[in-house]
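The data below hold one chain only, encoded as structure tokens and taken in the form predicted on its own.
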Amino acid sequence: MSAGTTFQPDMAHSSEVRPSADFDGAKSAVAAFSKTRSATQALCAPLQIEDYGVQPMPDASPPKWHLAHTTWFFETFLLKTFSKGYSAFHPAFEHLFNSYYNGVGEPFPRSRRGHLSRPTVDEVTAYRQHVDAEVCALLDLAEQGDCWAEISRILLLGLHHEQQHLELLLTDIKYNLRHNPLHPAYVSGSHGAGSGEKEVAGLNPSEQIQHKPLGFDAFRPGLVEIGANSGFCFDNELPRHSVFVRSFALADRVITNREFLAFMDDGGYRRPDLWLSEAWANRQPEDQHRPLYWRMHDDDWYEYRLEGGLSKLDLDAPVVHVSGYEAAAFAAWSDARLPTEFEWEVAARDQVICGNFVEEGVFHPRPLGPDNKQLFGDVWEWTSSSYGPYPGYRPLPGVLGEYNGKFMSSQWVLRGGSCATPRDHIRSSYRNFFYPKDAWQFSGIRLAKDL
């Protein structure tokens, strides 16, 4: 919506949307399943065997665990429920690779996932292959049965669950490799050596917009409908409901490294007036006053990237791996604020979903290109909204109700997806959530202002 336009309230209140499948039948379901499972496996191709079990912090799970947990999901919620006579691949895997579903059993402690040298990578690969074959067989048999609709719904939820872990897999690999003093690259590449003047993968130099002044699009007040209204969605995007949004202005692009460096140079990390009380009380040591993957070397700033390893900072690329606290402090320094998640959704809901997603193979935010406000892809955008239930929210029935609802406490909402998000996984109503202290996700900043 451009400046001067008015909200058009959505007068139709659609019935509650639930995760639903749009498969034509078993053939299309098997194709979607195989595509998603192969995409996860492909991300592991650049890894060495020693990389699969590393866990440098509790939040960053080893790649081997991601491969096994996503398999556990399909085994637990599809095969053990709908496949007659199915026997678990390994009786201990239900405990080892359960993430947080207490209704299934006692999960293995998250902080100790990196302690498991066994099962081996080969055993986890065999586990994936076994479950994949069983799921495909189940889909072929169930197409004409009474349970097909429910199997399809759980399958689709499982595919989106795996897409979430596909992004987490990249996020955790990056954290693992960056904290190795060798700063090894995940994949080789040359675009990481840029300084805002060299070619970036996917953009020719003539297509890069360098030093674009930050502008704002104005939005008038109105009563708007928020939440999913068609297709697949998670339960935290429901129910669709009315929200009154006051007039506001939203930045026409995300914040760059150049702008965040100006905040740093102006003493932004040392000014208590810019920081929330909890953030200031738990602030980093002086030598860590920078985004998570930045490092000073020979009086120049460098940044760790999955492609190319430690590389000279591209000043015109979006700043990434900043916490919600850092984003809020930068916004205060800029005489602005973070948008609410409702303001963000209003601005994004009529936009075409295009941008730098994981399919591009860049694995890092790109500088601004033409005709793109970077609302989708590149970086997840912190909002000021606390992650909580929408009015009338109901979790999914049964154990799957643990998927989202029980995490609605003390976290902030992020919107828009990132360079590690699958393109067909994101939508304008999608709500990601992390604690405001977290910076290991591909998170960045977009500013808003009151009008």
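Keep in mind that what you see is a predicted model, and the values were worked out from it rather than measured. Numbering starts at 1 and runs along the sequence shown.
Not pictured, yet referred to below: the form predicted together with another copy of the chain.
Undergrad: Check for me: heavy atom within 4.5 Å of another copy of the chain in the model of the complex, for each of 70, 370 and 373, yes or no.
TA: Result no, not one residue of the spot touches another copy of the chain.
Undergrad: Which is the contacting stretch out of 138 to 146, 155 to 163, 240 to 248, 351 to 359, given heavy atoms within 4.5 Å of another copy of the chain in the model of the complex?
TA: Heavy atoms within 4.5 Å of another copy of the chain in the model of the complex occur in 240 to 248.
Undergrad: Residue-level contact is defined here as any heavy atom of the residue lying within 4.5 Å of another copy of the chain in the model of the complex; does residue 81 satisfy this criterion?
TA: Taking the distances in the model of the complex, the answer for residue 81 is no, it never comes within 4.5 Å of another copy of the chain.
Undergrad: Verify the contact flag for residue 34: yes if a non-hydrogen atom of it lies within 4.5 Å of a non-hydrogen atom of another copy of the chain in the model of the complex, no if not.
TA: No.
Undergrad: So in the model of the complex, is another copy of the chain close enough to residue 397 to count as touching (4.5 Å, heavy atoms)?
TA: The answer is no: residue 397 has no heavy atom within 4.5 Å of another copy of the chain.
Undergrad: In the model of the complex, is there a heavy atom of another copy of the chain that lies within 4.5 Å of any heavy atom of residue 286, even though the partner is absent here?
TA: Although another copy of the chain is absent here, residue 286 would stay clear of it in the model of the complex, with no heavy atoms inside 4.5 Å.
Undergrad: From the list 96, 264, 214, 126, which entry has a heavy atom within 4.5 Å of another copy of the chain in the model of the complex?
TA: By the 4.5 Å heavy-atom cutoff, the listed residue in contact is 96.
Undergrad: Could you check which residue among 227, 268, 119, 189 gets a heavy atom within 4.5 Å of another copy of the chain in the model of the complex?
TA: Here the answer is residue option 119.
Undergrad: Can you tell me which bits of 372 to 403 touch another copy of the chain in the model of the complex, meaning any heavy atom within 4.5 Å?
TA: Stretch hits, in order: 386, 391, 392, 394.
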